Ligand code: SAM
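Only one chain is included here, represented as structure tokens and corresponding to the form predicted on its own.
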Amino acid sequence: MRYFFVDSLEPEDAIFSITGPDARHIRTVLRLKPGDKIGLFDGKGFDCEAQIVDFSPGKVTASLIRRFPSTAESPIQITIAQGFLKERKMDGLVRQLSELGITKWMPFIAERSVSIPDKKQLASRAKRWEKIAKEAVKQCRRGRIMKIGDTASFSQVLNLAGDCDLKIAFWENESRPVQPINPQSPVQTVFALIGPEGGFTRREIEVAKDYGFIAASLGPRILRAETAAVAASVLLQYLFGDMNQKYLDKKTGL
């Protein structure tokens, strides 16, 4: 069953309208007909099964069959703060981290960031990243759209981490890996820092530690910044989220 985005799946909304490119895709590409079933999601944690009722110019109308909480959201909230990279790398990261269940992604200007766009460029890119995040949700079937944070300075990012359960900076000069946390104090919120193409400076790591961050390694090899962000996301989901056997057994009732 194919899934499409709608603005709201509130219980009182028994009829939904799908417009724009999705409506054209349903009618001219998939060639669905009245009576066919489709899936809908609103990016707010809910999915629904619906039935196509009618077609009109530029619009598909569907009626609600059942509404249910999404089962594809991680039990932890992970924020990935990424040192600003070159443009195409950032676009790809938004899509990949959306697929990996990251809650929020935000770029920041690090000491070694080589690409620093102006405010007008940042506003345009932010809109594109939000569009990419929404499109990624359609593909991976998660229940929420990954939030895109405003581009910040390094000091602003450190303050935004607040009182997260785990604050971590991945650094190529650190030898210690991420360690599982005491099960008596489960991790529910994670804030992770990933450096730009040239990595973090030692000064940045020391400042981050003053804000309660720990430094951790992603292994003995030097990773590209965009690879590091993906690797860190997978590792965090495995250790604390929904990519480990314990969580999968719980989900399937084993």
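Residue numbers run from 1 along the displayed sequence. Bear in mind the structure is a predicted one, so any value in this text is a computation, not a measurement.
What comes next is about the form predicted in complex with the named molecule, which is not displayed.
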Exercise for review: Using a 4.5 Å heavy atom cut-off, state whether residue 200 contacts the named molecule in the predicted complex.
Suggested key: yes
**Study point:** Residue contact check: residue 223 to the named molecule in the predicted complex, 4.5 Å heavy atom
**Key:** yes
**Study point:** Partner proximity in the predicted complex: residue 172 to the named molecule, non-hydrogen atom cutoff 4.5 Å
**Key:** yes
Check your understanding: Hey, in the predicted complex, does residue 35 get a heavy atom within 4.5 angstroms of the named molecule?
Key -> no
**Study point:** in the predicted complex, the residue from 52, 208, 26, 218 that sits within 4.5 Å of the named molecule by heavy atoms
**Key:** 218
Revision key, fill the gap. Counting only non-hydrogen atoms, the one stretch of 41-49, 27-35, 60-68, 187-195 within 4.5 angstroms of the named molecule in the predicted complex is 187-195
